[in-house]
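Alright, here's a single protein chain in two forms, structure 1 and structure 2, each given by itself as C-alpha coordinates.
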Structure 1
(Lines of atoms letter the chains of each structure in order from A and count residues from 1; the text may use other names and numbers.)
(Lines give C-alpha, C1' and ligand atoms only; values in the text may rest on other atoms or scores of the structure.)
Protein backbone atom coordinates (compact mmCIF):
# COMPACT_ATOMS: atom_id res chain seq x y z
CA UNK A 1 0.00 0.00 0.00
CA UNK A 2 2.80 2.32 1.04
CA UNK A 3 4.63 1.48 -2.20
CA UNK A 4 1.53 2.21 -4.31
CA UNK A 5 1.16 5.55 -2.59
CA UNK A 6 4.80 6.39 -3.26
CA UNK A 7 4.37 5.52 -6.96
CA UNK A 8 1.24 7.69 -7.15
CA UNK A 9 3.03 10.63 -5.50
CA UNK A 10 6.01 10.25 -7.87
CA UNK A 11 3.68 10.06 -10.90
CA UNK A 12 1.82 13.23 -9.82
CA UNK A 13 5.14 15.05 -9.32
CA UNK A 14 6.29 13.93 -12.77
CA UNK A 15 3.09 15.14 -14.38
CA UNK A 16 3.25 18.49 -12.61
CA UNK A 17 6.87 18.84 -13.69
CA UNK A 18 6.00 18.08 -17.33
CA UNK A 19 3.11 20.55 -17.33
CA UNK A 20 5.16 23.38 -15.89
CA UNK A 21 8.43 22.62 -17.67
CA UNK A 22 10.55 24.62 -18.34
CA UNK A 23 9.04 27.27 -16.06
CA UNK A 24 11.24 30.21 -15.14
CA UNK A 25 14.23 28.14 -14.05
CA UNK A 26 16.97 28.08 -16.71
CA UNK A 27 18.00 24.90 -18.49
CA UNK A 28 21.67 24.35 -17.96
CA UNK A 29 23.66 22.73 -20.78
CA UNK A 30 26.70 21.22 -19.13
CA UNK A 31 29.77 21.31 -21.39
CA UNK A 32 32.39 18.91 -20.04
CA UNK A 33 35.24 21.06 -21.37
CA UNK A 34 36.60 24.57 -20.82
CA UNK A 35 35.02 27.65 -22.38
CA UNK A 36 36.25 28.75 -25.80
CA UNK A 37 36.53 25.26 -27.31
CA UNK A 38 34.42 23.44 -29.90
CA UNK A 39 31.95 21.77 -27.53
CA UNK A 40 31.42 25.07 -25.74
CA UNK A 41 30.79 26.83 -29.05
CA UNK A 42 28.29 24.22 -30.23
CA UNK A 43 26.48 24.43 -26.86
CA UNK A 44 26.18 28.22 -27.04
CA UNK A 45 24.89 28.17 -30.62
CA UNK A 46 22.54 25.29 -29.82
CA UNK A 47 21.21 26.92 -26.64
CA UNK A 48 20.28 30.02 -28.62
CA UNK A 49 18.64 27.99 -31.42
CA UNK A 50 16.69 25.89 -28.88
CA UNK A 51 15.54 28.98 -27.01
CA UNK A 52 14.11 30.33 -30.27
CA UNK A 53 12.67 26.93 -31.19
CA UNK A 54 10.92 26.61 -27.82
CA UNK A 55 9.20 29.93 -28.32
CA UNK A 56 11.63 31.93 -26.22
CA UNK A 57 10.13 30.37 -23.07
CA UNK A 58 13.18 28.29 -22.26
CA UNK A 59 16.24 30.07 -21.00
CA UNK A 60 19.40 28.06 -21.76
CA UNK A 61 22.67 28.66 -19.95
CA UNK A 62 26.00 26.97 -20.62
CA UNK A 63 27.90 25.55 -17.67
CA UNK A 64 31.51 24.45 -18.19
CA UNK A 65 32.47 21.50 -16.01
CA UNK A 66 35.90 20.71 -17.43
CA UNK A 67 38.39 18.00 -16.63
CA UNK A 68 39.46 14.42 -17.21
CA UNK A 69 38.58 14.38 -20.89
CA UNK A 70 34.91 15.22 -20.35
CA UNK A 71 34.27 12.56 -17.73
CA UNK A 72 33.89 15.03 -14.84
CA UNK A 73 31.06 16.91 -16.56
CA UNK A 74 29.40 13.70 -17.70
CA UNK A 75 29.51 12.33 -14.14
CA UNK A 76 27.99 15.55 -12.86
CA UNK A 77 25.02 15.24 -15.21
CA UNK A 78 24.58 11.52 -14.53
CA UNK A 79 24.11 12.47 -10.85
CA UNK A 80 22.02 15.64 -11.39
CA UNK A 81 18.31 15.93 -10.56
CA UNK A 82 16.39 14.35 -13.44
CA UNK A 83 14.05 17.30 -13.98
CA UNK A 84 15.09 18.52 -17.44
CA UNK A 85 16.98 21.51 -16.07
CA UNK A 86 20.38 19.88 -16.38
CA UNK A 87 21.46 18.53 -19.78
CA UNK A 88 24.78 17.33 -21.11
CA UNK A 89 26.29 18.16 -24.46
CA UNK A 90 29.03 15.61 -25.01
CA UNK A 91 30.91 14.48 -28.08
CA UNK A 92 32.41 11.19 -29.22
CA UNK A 93 33.92 11.00 -25.73
CA UNK A 94 30.63 9.46 -24.58
CA UNK A 95 31.63 6.39 -26.63
CA UNK A 96 35.43 6.54 -26.35
CA UNK A 97 35.99 7.21 -22.63
CA UNK A 98 34.89 3.70 -21.49
CA UNK A 99 37.77 2.30 -23.58
CA UNK A 100 40.24 5.10 -22.84
CA UNK A 101 39.75 5.01 -19.06
CA UNK A 102 40.21 1.97 -16.85
CA UNK A 103 37.40 3.27 -14.63
CA UNK A 104 34.70 5.92 -15.10
CA UNK A 105 31.88 6.82 -12.72
CA UNK A 106 28.99 6.41 -15.19
CA UNK A 107 27.70 3.88 -17.67
CA UNK A 108 27.00 5.67 -20.98
CA UNK A 109 24.13 3.40 -21.99
CA UNK A 110 22.50 3.12 -18.56
CA UNK A 111 22.88 6.42 -16.73
CA UNK A 112 21.47 8.85 -19.31
CA UNK A 113 18.38 9.59 -21.32
CA UNK A 114 19.26 10.05 -24.99
CA UNK A 115 17.85 13.22 -26.50
CA UNK A 116 19.25 13.12 -30.03
CA UNK A 117 22.37 13.86 -32.05
CA UNK A 118 23.40 17.41 -32.92
CA UNK A 119 26.24 17.48 -35.46
CA UNK A 120 29.21 15.75 -37.03
CA UNK A 121 32.55 17.51 -37.15
CA UNK A 122 35.83 16.66 -38.87
CA UNK A 123 39.15 17.27 -37.17
CA UNK A 124 42.25 19.02 -38.44
CA UNK A 125 45.88 18.44 -37.68
CA UNK A 126 47.30 21.87 -36.91
CA UNK A 127 50.54 23.40 -35.76
CA UNK A 128 51.89 26.71 -34.47
CA UNK A 129 52.67 29.13 -37.30
CA UNK A 130 56.40 29.14 -36.51
CA UNK A 131 56.73 25.48 -37.64
CA UNK A 132 58.91 25.45 -40.77
CA UNK A 133 56.69 22.88 -42.55
CA UNK A 134 53.95 23.98 -44.93
CA UNK A 135 52.68 20.67 -46.30
CA UNK A 136 51.73 17.44 -44.54
CA UNK A 137 54.77 15.67 -46.02
CA UNK A 138 57.17 18.32 -44.72
CA UNK A 139 55.36 18.21 -41.41
CA UNK A 140 55.86 14.45 -41.01
CA UNK A 141 59.53 14.78 -41.95
CA UNK A 142 59.93 17.61 -39.47
CA UNK A 143 58.40 15.51 -36.70
CA UNK A 144 60.73 12.62 -37.33
CA UNK A 145 63.73 14.93 -37.52
CA UNK A 146 62.73 16.46 -34.16
CA UNK A 147 61.88 13.31 -32.23
CA UNK A 148 61.67 13.96 -28.50
CA UNK A 149 61.53 17.73 -28.86
CA UNK A 150 57.88 18.45 -29.76
CA UNK A 151 54.69 18.84 -27.67
CA UNK A 152 51.19 17.95 -28.78
CA UNK A 153 48.27 19.52 -26.86
CA UNK A 154 44.94 17.86 -26.12
CA UNK A 155 41.81 18.46 -24.08
CA UNK A 156 42.52 15.88 -21.39
CA UNK A 157 42.87 12.12 -21.29
CA UNK A 158 39.93 10.62 -23.11
CA UNK A 159 39.07 13.74 -25.11
CA UNK A 160 38.59 13.76 -28.86
CA UNK A 161 41.88 15.58 -29.42
CA UNK A 162 43.59 12.97 -27.26
CA UNK A 163 41.94 10.19 -29.27
CA UNK A 164 43.03 11.84 -32.52
CA UNK A 165 46.59 12.35 -31.34
CA UNK A 166 46.76 8.71 -30.18
CA UNK A 167 45.43 7.38 -33.48
CA UNK A 168 47.63 9.64 -35.58
CA UNK A 169 50.81 9.05 -33.56
CA UNK A 170 50.21 5.33 -33.73
CA UNK A 171 49.51 5.46 -37.51
CA UNK A 172 52.67 7.45 -38.29
CA UNK A 173 54.61 5.47 -35.67
CA UNK A 174 55.69 8.75 -34.06
CA UNK A 175 54.72 8.01 -30.46
CA UNK A 176 58.19 8.45 -29.05
CA UNK A 177 58.61 11.64 -31.03
CA UNK A 178 56.48 13.93 -28.86
CA UNK A 179 55.18 14.74 -25.41
CA UNK A 180 51.42 15.10 -24.93
CA UNK A 181 50.19 18.03 -22.83
CA UNK A 182 46.62 17.88 -21.44
CA UNK A 183 44.38 20.94 -20.98
CA UNK A 184 40.83 21.32 -19.65
CA UNK A 185 39.52 21.78 -23.18
CA UNK A 186 40.81 22.79 -26.55
CA UNK A 187 39.95 26.43 -25.77
CA UNK A 188 42.97 26.73 -23.43
CA UNK A 189 44.95 24.26 -25.58
CA UNK A 190 44.46 26.54 -28.59
CA UNK A 191 45.69 29.51 -26.55
CA UNK A 192 48.84 27.56 -25.71
CA UNK A 193 49.32 26.77 -29.40
CA UNK A 194 48.77 30.40 -30.39
CA UNK A 195 51.24 31.45 -27.71
CA UNK A 196 53.80 28.96 -29.05
CA UNK A 197 53.97 26.95 -25.77
CA UNK A 198 52.96 23.79 -27.64
CA UNK A 199 53.75 22.75 -31.19
CA UNK A 200 50.70 20.93 -32.49
CA UNK A 201 47.20 19.68 -31.87
CA UNK A 202 44.42 17.76 -33.60
CA UNK A 203 41.10 19.47 -33.05
CA UNK A 204 37.57 19.90 -34.34
CA UNK A 205 37.14 22.26 -37.29
CA UNK A 206 34.64 24.17 -35.11
CA UNK A 207 37.61 25.54 -33.24
CA UNK A 208 40.27 25.61 -35.92
CA UNK A 209 38.61 27.02 -39.07
CA UNK A 210 38.82 30.68 -38.00
CA UNK A 211 42.39 30.30 -36.78
CA UNK A 212 43.49 28.60 -40.02
CA UNK A 213 41.74 31.26 -42.10
CA UNK A 214 43.45 34.09 -40.26
CA UNK A 215 46.85 32.36 -40.53
CA UNK A 216 47.23 32.12 -36.76
CA UNK A 217 47.78 28.35 -37.02
CA UNK A 218 48.98 26.10 -39.84
CA UNK A 219 46.81 23.21 -40.97
CA UNK A 220 48.30 20.08 -42.47
CA UNK A 221 45.49 17.58 -43.00
CA UNK A 222 41.88 16.67 -42.21
CA UNK A 223 40.81 13.45 -40.51
CA UNK A 224 37.78 12.51 -42.61
CA UNK A 225 37.81 9.61 -45.08
CA UNK A 226 36.87 11.92 -47.95
CA UNK A 227 38.23 15.41 -48.67
CA UNK A 228 36.02 18.28 -47.50
CA UNK A 229 35.55 19.39 -51.10
CA UNK A 230 32.50 21.54 -50.38
CA UNK A 231 34.12 23.71 -47.73
CA UNK A 232 35.68 26.89 -49.09
CA UNK A 233 38.75 26.72 -46.85
CA UNK A 234 39.10 23.11 -45.71
CA UNK A 235 38.87 21.72 -49.26
CA UNK A 236 42.52 22.72 -49.72
CA UNK A 237 43.81 20.23 -47.15
CA UNK A 238 44.51 16.53 -47.83
CA UNK A 239 42.96 13.71 -45.82
CA UNK A 240 45.32 11.59 -43.73
CA UNK A 241 44.31 8.64 -45.90
CA UNK A 242 45.51 10.52 -48.99
CA UNK A 243 48.77 11.05 -47.12
CA UNK A 244 49.19 7.29 -46.81
CA UNK A 245 47.68 6.59 -43.37
CA UNK A 246 45.57 3.64 -44.44
CA UNK A 247 41.98 3.59 -43.13
CA UNK A 248 42.50 6.67 -40.95
CA UNK A 249 39.08 8.15 -40.26
CA UNK A 250 37.89 10.21 -37.35
CA UNK A 251 34.73 12.26 -37.27
CA UNK A 252 33.57 13.81 -34.02
CA UNK A 253 29.88 14.07 -33.18
CA UNK A 254 27.99 15.92 -30.51
CA UNK A 255 24.75 14.85 -28.88
CA UNK A 256 22.44 15.86 -26.07
CA UNK A 257 21.64 13.85 -22.90
CA UNK A 258 19.62 14.18 -19.70
CA UNK A 259 20.05 12.30 -16.41
CA UNK A 260 18.33 8.90 -16.29
CA UNK A 261 14.81 9.18 -14.94
CA UNK A 262 13.91 12.57 -16.47
CA UNK A 263 10.12 12.46 -17.06
CA UNK A 264 9.19 11.27 -20.58
CA UNK A 265 7.00 14.32 -21.26
CA UNK A 266 9.92 16.63 -20.42
CA UNK A 267 12.26 14.58 -22.63
CA UNK A 268 9.74 14.83 -25.46
CA UNK A 269 9.59 18.61 -25.13
CA UNK A 270 13.39 18.93 -25.21
CA UNK A 271 13.70 16.49 -28.12
CA UNK A 272 11.13 18.48 -30.10
CA UNK A 273 12.97 21.71 -29.30
CA UNK A 274 16.22 20.11 -30.44
CA UNK A 275 14.72 18.88 -33.71
CA UNK A 276 13.34 22.32 -34.48
CA UNK A 277 16.60 24.03 -33.55
CA UNK A 278 18.49 21.81 -35.97
CA UNK A 279 16.26 23.07 -38.78
CA UNK A 280 17.03 26.71 -37.96
CA UNK A 281 18.78 28.10 -41.09
CA UNK A 282 20.87 30.45 -38.99
CA UNK A 283 22.18 27.57 -36.82
CA UNK A 284 22.83 25.42 -39.92
CA UNK A 285 24.72 28.24 -41.63
CA UNK A 286 26.90 28.95 -38.60
CA UNK A 287 27.73 25.25 -38.21
CA UNK A 288 28.52 24.76 -41.89
CA UNK A 289 30.87 27.75 -41.90
CA UNK A 290 32.84 25.91 -39.19
CA UNK A 291 32.98 22.69 -41.20
CA UNK A 292 30.32 20.96 -39.06
CA UNK A 293 27.30 19.15 -40.49
CA UNK A 294 24.02 19.36 -38.60
CA UNK A 295 22.40 15.94 -38.17
CA UNK A 296 19.15 15.57 -40.09
CA UNK A 297 18.67 11.79 -40.08
CA UNK A 298 16.91 9.31 -37.81
CA UNK A 299 19.52 9.77 -35.07
CA UNK A 300 17.47 12.72 -33.89
CA UNK A 301 15.24 10.07 -32.30
CA UNK A 302 16.42 8.93 -28.84
CA UNK A 303 16.40 5.19 -29.65
CA UNK A 304 18.50 5.64 -32.81
CA UNK A 305 20.84 8.02 -30.97
CA UNK A 306 21.37 5.36 -28.27
CA UNK A 307 21.95 2.62 -30.87
CA UNK A 308 24.51 4.86 -32.61
CA UNK A 309 26.43 5.45 -29.36
CA UNK A 310 26.44 1.70 -28.66
CA UNK A 311 27.78 1.03 -32.18
CA UNK A 312 30.47 3.72 -31.77
CA UNK A 313 31.54 2.19 -28.46
CA UNK A 314 31.98 -1.19 -30.16
CA UNK A 315 33.81 0.40 -33.12
CA UNK A 316 36.20 2.52 -31.04
CA UNK A 317 37.25 -0.09 -28.48
CA UNK A 318 39.58 -2.04 -30.82
CA UNK A 319 40.87 1.19 -32.42
CA UNK A 320 41.83 2.55 -29.00
CA UNK A 321 43.32 -0.77 -27.92
CA UNK A 322 45.40 -0.85 -31.10
CA UNK A 323 46.61 2.70 -30.44
CA UNK A 324 47.71 1.25 -27.12
CA UNK A 325 47.54 3.97 -24.49
CA UNK A 326 45.12 4.27 -21.62
CA UNK A 327 44.22 6.83 -19.01
CA UNK A 328 43.96 5.80 -15.33
Structure 2
Protein backbone atom coordinates (compact mmCIF):
# COMPACT_ATOMS: atom_id res chain seq x y z
CA UNK A 1 0.00 0.00 0.00
CA UNK A 2 2.80 2.40 0.93
CA UNK A 3 4.57 1.66 -2.35
CA UNK A 4 1.43 2.36 -4.37
CA UNK A 5 0.99 5.62 -2.49
CA UNK A 6 4.60 6.62 -3.22
CA UNK A 7 4.13 5.86 -6.92
CA UNK A 8 0.95 7.92 -6.97
CA UNK A 9 2.67 10.87 -5.27
CA UNK A 10 5.59 10.70 -7.73
CA UNK A 11 3.23 10.55 -10.70
CA UNK A 12 1.29 13.54 -9.39
CA UNK A 13 4.51 15.50 -8.95
CA UNK A 14 5.64 14.67 -12.49
CA UNK A 15 2.27 15.74 -13.90
CA UNK A 16 2.41 19.01 -11.99
CA UNK A 17 5.92 19.65 -13.29
CA UNK A 18 4.83 18.97 -16.86
CA UNK A 19 1.90 21.39 -16.51
CA UNK A 20 4.07 24.21 -15.13
CA UNK A 21 7.24 23.57 -17.16
CA UNK A 22 9.56 25.37 -17.49
CA UNK A 23 8.59 27.56 -14.53
CA UNK A 24 11.20 29.88 -13.00
CA UNK A 25 14.00 27.29 -12.87
CA UNK A 26 16.58 27.65 -15.67
CA UNK A 27 17.14 24.90 -18.21
CA UNK A 28 20.78 23.79 -18.32
CA UNK A 29 22.23 22.68 -21.65
CA UNK A 30 25.21 20.54 -20.68
CA UNK A 31 28.05 20.70 -23.21
CA UNK A 32 30.49 17.83 -22.65
CA UNK A 33 33.41 19.90 -23.95
CA UNK A 34 35.30 23.03 -22.96
CA UNK A 35 33.90 26.52 -23.46
CA UNK A 36 34.73 28.26 -26.72
CA UNK A 37 34.71 25.19 -28.96
CA UNK A 38 32.25 24.46 -31.82
CA UNK A 39 29.81 22.48 -29.64
CA UNK A 40 29.81 25.21 -27.00
CA UNK A 41 29.03 27.85 -29.64
CA UNK A 42 26.17 25.79 -31.03
CA UNK A 43 24.72 25.33 -27.52
CA UNK A 44 24.81 29.04 -26.72
CA UNK A 45 23.22 30.01 -30.02
CA UNK A 46 20.60 27.28 -29.68
CA UNK A 47 19.76 28.27 -26.10
CA UNK A 48 19.05 31.84 -27.15
CA UNK A 49 16.97 30.72 -30.14
CA UNK A 50 14.95 28.32 -27.97
CA UNK A 51 14.41 31.02 -25.34
CA UNK A 52 12.83 33.21 -28.02
CA UNK A 53 10.91 30.29 -29.52
CA UNK A 54 9.37 29.43 -26.14
CA UNK A 55 8.14 32.98 -25.65
CA UNK A 56 10.94 34.02 -23.34
CA UNK A 57 9.48 31.85 -20.55
CA UNK A 58 12.48 29.52 -20.53
CA UNK A 59 15.87 30.68 -19.35
CA UNK A 60 18.62 28.56 -20.92
CA UNK A 61 22.13 28.39 -19.45
CA UNK A 62 25.11 26.50 -20.84
CA UNK A 63 27.08 24.27 -18.47
CA UNK A 64 30.45 22.93 -19.61
CA UNK A 65 31.35 19.49 -18.24
CA UNK A 66 34.40 18.54 -20.30
CA UNK A 67 36.55 15.42 -20.22
CA UNK A 68 36.96 11.86 -21.48
CA UNK A 69 35.78 12.56 -25.01
CA UNK A 70 32.42 13.92 -23.86
CA UNK A 71 31.51 10.97 -21.64
CA UNK A 72 31.74 12.94 -18.36
CA UNK A 73 29.10 15.44 -19.46
CA UNK A 74 26.90 12.74 -20.98
CA UNK A 75 27.05 10.72 -17.75
CA UNK A 76 26.08 13.82 -15.76
CA UNK A 77 22.92 14.25 -17.83
CA UNK A 78 22.07 10.53 -17.80
CA UNK A 79 22.07 10.70 -13.98
CA UNK A 80 20.23 14.05 -13.71
CA UNK A 81 16.67 14.46 -12.48
CA UNK A 82 14.31 13.71 -15.40
CA UNK A 83 12.37 16.95 -15.17
CA UNK A 84 13.41 18.73 -18.38
CA UNK A 85 15.74 21.17 -16.66
CA UNK A 86 18.93 19.34 -17.62
CA UNK A 87 19.59 18.66 -21.30
CA UNK A 88 22.60 17.39 -23.23
CA UNK A 89 23.96 18.78 -26.48
CA UNK A 90 26.32 16.17 -27.91
CA UNK A 91 27.87 15.67 -31.33
CA UNK A 92 28.74 12.51 -33.27
CA UNK A 93 30.51 11.32 -30.12
CA UNK A 94 27.12 10.06 -28.94
CA UNK A 95 27.49 7.36 -31.60
CA UNK A 96 31.26 6.81 -31.52
CA UNK A 97 32.11 6.67 -27.79
CA UNK A 98 30.62 3.21 -27.15
CA UNK A 99 33.16 1.78 -29.62
CA UNK A 100 36.05 4.06 -28.64
CA UNK A 101 35.90 3.52 -24.87
CA UNK A 102 36.21 0.15 -23.20
CA UNK A 103 33.70 1.21 -20.55
CA UNK A 104 31.30 4.13 -20.20
CA UNK A 105 28.76 4.78 -17.46
CA UNK A 106 25.72 5.09 -19.71
CA UNK A 107 24.03 3.41 -22.66
CA UNK A 108 23.34 5.96 -25.42
CA UNK A 109 20.22 4.27 -26.79
CA UNK A 110 18.73 3.41 -23.38
CA UNK A 111 19.58 6.15 -20.90
CA UNK A 112 18.33 9.22 -22.78
CA UNK A 113 15.21 10.67 -24.31
CA UNK A 114 15.97 11.74 -27.89
CA UNK A 115 14.72 15.24 -28.64
CA UNK A 116 15.88 15.95 -32.19
CA UNK A 117 18.84 16.84 -34.38
CA UNK A 118 20.20 20.39 -34.55
CA UNK A 119 22.80 20.69 -37.31
CA UNK A 120 25.37 18.95 -39.47
CA UNK A 121 28.87 20.16 -40.30
CA UNK A 122 30.51 18.86 -43.51
CA UNK A 123 34.13 17.76 -43.52
CA UNK A 124 36.93 18.32 -46.00
CA UNK A 125 39.98 16.28 -46.89
CA UNK A 126 42.92 18.70 -46.97
CA UNK A 127 46.66 18.47 -47.50
CA UNK A 128 49.76 20.59 -47.00
CA UNK A 129 50.38 23.05 -49.85
CA UNK A 130 53.68 21.38 -50.79
CA UNK A 131 51.91 18.25 -52.04
CA UNK A 132 52.34 17.87 -55.82
CA UNK A 133 48.76 16.65 -56.34
CA UNK A 134 46.03 19.17 -57.10
CA UNK A 135 43.00 16.91 -57.55
CA UNK A 136 41.66 14.09 -55.44
CA UNK A 137 42.44 11.49 -58.09
CA UNK A 138 46.02 12.71 -58.38
CA UNK A 139 46.31 12.68 -54.60
CA UNK A 140 45.07 9.09 -54.32
CA UNK A 141 47.62 8.03 -56.93
CA UNK A 142 50.31 9.93 -55.03
CA UNK A 143 49.45 8.02 -51.83
CA UNK A 144 49.83 4.68 -53.52
CA UNK A 145 53.12 5.70 -55.11
CA UNK A 146 54.45 6.81 -51.72
CA UNK A 147 53.14 4.06 -49.46
CA UNK A 148 54.69 4.20 -46.01
CA UNK A 149 56.11 7.70 -46.50
CA UNK A 150 53.05 9.86 -45.71
CA UNK A 151 51.22 10.75 -42.50
CA UNK A 152 47.80 12.01 -41.49
CA UNK A 153 47.06 14.16 -38.44
CA UNK A 154 44.04 14.23 -36.17
CA UNK A 155 43.01 16.21 -33.10
CA UNK A 156 42.91 13.34 -30.63
CA UNK A 157 41.08 10.09 -29.92
CA UNK A 158 37.40 10.38 -30.78
CA UNK A 159 37.71 13.79 -32.42
CA UNK A 160 35.96 14.59 -35.69
CA UNK A 161 39.26 14.48 -37.55
CA UNK A 162 40.10 11.12 -35.97
CA UNK A 163 36.82 9.54 -37.08
CA UNK A 164 37.18 10.94 -40.59
CA UNK A 165 40.76 9.72 -40.79
CA UNK A 166 39.74 6.20 -39.77
CA UNK A 167 36.83 6.05 -42.21
CA UNK A 168 38.77 7.45 -45.14
CA UNK A 169 41.82 5.23 -44.64
CA UNK A 170 39.54 2.21 -44.36
CA UNK A 171 37.63 3.15 -47.52
CA UNK A 172 40.73 3.64 -49.67
CA UNK A 173 42.59 0.77 -47.97
CA UNK A 174 45.40 3.16 -47.05
CA UNK A 175 45.85 2.11 -43.44
CA UNK A 176 49.22 0.49 -44.12
CA UNK A 177 50.30 3.30 -46.47
CA UNK A 178 50.08 6.11 -43.93
CA UNK A 179 51.20 6.89 -40.39
CA UNK A 180 48.53 8.37 -38.11
CA UNK A 181 49.73 11.15 -35.81
CA UNK A 182 47.43 12.28 -32.95
CA UNK A 183 47.62 15.79 -31.51
CA UNK A 184 46.13 17.37 -28.41
CA UNK A 185 43.47 19.36 -30.24
CA UNK A 186 42.56 20.80 -33.62
CA UNK A 187 44.88 23.80 -33.24
CA UNK A 188 48.12 21.81 -32.86
CA UNK A 189 47.09 19.37 -35.60
CA UNK A 190 46.30 22.19 -38.02
CA UNK A 191 49.54 23.99 -37.18
CA UNK A 192 51.48 20.82 -37.97
CA UNK A 193 49.76 20.62 -41.34
CA UNK A 194 50.37 24.30 -42.10
CA UNK A 195 54.01 23.86 -41.13
CA UNK A 196 54.43 20.85 -43.39
CA UNK A 197 55.19 18.41 -40.56
CA UNK A 198 52.24 16.24 -41.64
CA UNK A 199 50.79 15.60 -45.09
CA UNK A 200 47.05 15.32 -44.62
CA UNK A 201 44.08 15.94 -42.37
CA UNK A 202 40.31 15.57 -42.58
CA UNK A 203 38.36 18.05 -40.49
CA UNK A 204 35.18 20.11 -40.17
CA UNK A 205 34.54 23.03 -42.48
CA UNK A 206 34.39 25.08 -39.28
CA UNK A 207 38.14 24.58 -39.00
CA UNK A 208 39.21 24.25 -42.63
CA UNK A 209 37.31 26.82 -44.71
CA UNK A 210 39.49 29.77 -43.72
CA UNK A 211 42.69 27.83 -44.42
CA UNK A 212 41.41 26.70 -47.82
CA UNK A 213 40.32 30.21 -48.76
CA UNK A 214 43.71 31.66 -47.83
CA UNK A 215 45.53 29.01 -49.87
CA UNK A 216 47.42 27.73 -46.84
CA UNK A 217 46.18 24.18 -47.47
CA UNK A 218 45.00 22.23 -50.49
CA UNK A 219 41.47 20.81 -50.49
CA UNK A 220 40.72 17.59 -52.35
CA UNK A 221 37.15 16.49 -51.51
CA UNK A 222 34.18 16.84 -49.16
CA UNK A 223 32.59 14.07 -47.10
CA UNK A 224 28.91 14.81 -47.74
CA UNK A 225 26.68 12.53 -49.82
CA UNK A 226 25.96 15.36 -52.27
CA UNK A 227 28.18 18.22 -53.47
CA UNK A 228 28.02 21.41 -51.40
CA UNK A 229 26.48 23.31 -54.31
CA UNK A 230 25.39 26.24 -52.14
CA UNK A 231 28.74 26.71 -50.43
CA UNK A 232 30.56 29.57 -52.14
CA UNK A 233 34.01 28.08 -51.49
CA UNK A 234 33.48 24.32 -51.56
CA UNK A 235 30.84 24.00 -54.28
CA UNK A 236 33.32 22.81 -56.92
CA UNK A 237 35.00 20.11 -54.84
CA UNK A 238 33.89 16.50 -55.45
CA UNK A 239 32.40 14.25 -52.83
CA UNK A 240 34.29 11.11 -51.86
CA UNK A 241 31.32 9.12 -53.13
CA UNK A 242 31.80 10.69 -56.55
CA UNK A 243 35.45 9.64 -56.35
CA UNK A 244 34.42 6.01 -56.02
CA UNK A 245 34.20 5.54 -52.24
CA UNK A 246 30.79 3.89 -52.15
CA UNK A 247 28.38 5.14 -49.46
CA UNK A 248 31.06 7.34 -47.88
CA UNK A 249 29.29 10.03 -45.88
CA UNK A 250 30.41 11.69 -42.68
CA UNK A 251 29.15 14.88 -41.09
CA UNK A 252 29.71 16.10 -37.56
CA UNK A 253 26.20 16.54 -36.24
CA UNK A 254 24.80 17.91 -33.00
CA UNK A 255 21.62 16.81 -31.28
CA UNK A 256 19.66 17.38 -28.08
CA UNK A 257 18.86 14.82 -25.34
CA UNK A 258 17.11 14.63 -21.95
CA UNK A 259 17.48 12.09 -19.13
CA UNK A 260 15.45 8.91 -19.50
CA UNK A 261 12.04 9.19 -17.84
CA UNK A 262 11.45 12.88 -18.54
CA UNK A 263 7.65 13.34 -18.77
CA UNK A 264 6.24 13.14 -22.33
CA UNK A 265 4.49 16.51 -21.98
CA UNK A 266 7.81 18.17 -21.08
CA UNK A 267 9.60 16.41 -23.94
CA UNK A 268 6.93 17.66 -26.33
CA UNK A 269 7.40 21.26 -25.19
CA UNK A 270 11.16 21.05 -25.62
CA UNK A 271 10.87 19.38 -29.02
CA UNK A 272 8.43 22.04 -30.23
CA UNK A 273 10.76 24.76 -28.94
CA UNK A 274 13.66 23.12 -30.78
CA UNK A 275 11.75 22.96 -34.06
CA UNK A 276 10.80 26.62 -33.82
CA UNK A 277 14.36 27.62 -32.90
CA UNK A 278 15.76 25.92 -35.98
CA UNK A 279 13.54 28.12 -38.15
CA UNK A 280 14.88 31.31 -36.56
CA UNK A 281 16.61 33.30 -39.38
CA UNK A 282 19.17 34.69 -36.94
CA UNK A 283 20.08 31.19 -35.70
CA UNK A 284 20.32 29.88 -39.28
CA UNK A 285 22.59 32.77 -40.24
CA UNK A 286 24.88 32.15 -37.27
CA UNK A 287 25.07 28.44 -38.07
CA UNK A 288 25.94 29.13 -41.69
CA UNK A 289 28.75 31.39 -40.45
CA UNK A 290 30.11 28.34 -38.57
CA UNK A 291 29.92 26.25 -41.74
CA UNK A 292 26.99 24.25 -40.32
CA UNK A 293 23.76 23.18 -42.02
CA UNK A 294 20.62 23.39 -39.86
CA UNK A 295 18.60 20.16 -39.89
CA UNK A 296 15.17 20.51 -41.50
CA UNK A 297 14.20 16.89 -42.17
CA UNK A 298 12.42 14.15 -40.24
CA UNK A 299 15.29 13.76 -37.77
CA UNK A 300 13.72 16.62 -35.83
CA UNK A 301 11.33 13.97 -34.55
CA UNK A 302 12.58 11.92 -31.56
CA UNK A 303 12.04 8.49 -33.15
CA UNK A 304 13.86 9.39 -36.37
CA UNK A 305 16.65 11.05 -34.37
CA UNK A 306 17.15 7.86 -32.34
CA UNK A 307 17.10 5.68 -35.46
CA UNK A 308 19.75 7.91 -37.06
CA UNK A 309 22.05 7.64 -34.03
CA UNK A 310 21.63 3.86 -33.99
CA UNK A 311 22.59 3.73 -37.67
CA UNK A 312 25.64 5.94 -37.03
CA UNK A 313 26.72 3.63 -34.21
CA UNK A 314 26.45 0.64 -36.53
CA UNK A 315 28.46 2.45 -39.22
CA UNK A 316 31.27 3.66 -36.96
CA UNK A 317 31.75 0.62 -34.72
CA UNK A 318 33.42 -1.71 -37.26
CA UNK A 319 35.70 1.07 -38.53
CA UNK A 320 36.87 1.95 -35.02
CA UNK A 321 37.27 -1.68 -33.95
CA UNK A 322 39.24 -2.54 -37.09
CA UNK A 323 41.61 0.33 -36.34
CA UNK A 324 42.15 -0.96 -32.80
CA UNK A 325 42.37 2.57 -31.36
CA UNK A 326 40.62 2.62 -28.01
CA UNK A 327 40.62 4.66 -24.80
CA UNK A 328 40.64 3.14 -21.32
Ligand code: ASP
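For clarity, a rigid core is taken as the largest C-alpha set superposing within 1.5 Å between two forms. Numbering follows the first chain given and starts at 1. Everything numeric in this text was worked out from a predicted model, so none of it was measured.
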query: Form predicted together with aspartic acid (ASP) - which displayed structure it is; finding: 1
query: Whether residue 113 and residue 133 share a rigid part between structure 1 and structure 2; finding: no
query: Rotation (degrees) of the smaller of two rigid parts between structure 1 and structure 2, from C-alpha fits; finding: 30
query: Between structure 1 and structure 2, how far the Cα of residue 164 shifts once the core is aligned, in Å; finding: 4.2
query: C-alpha positional change at residue 123 between structure 1 and structure 2 - rigid core reference, Å; finding: 3.9
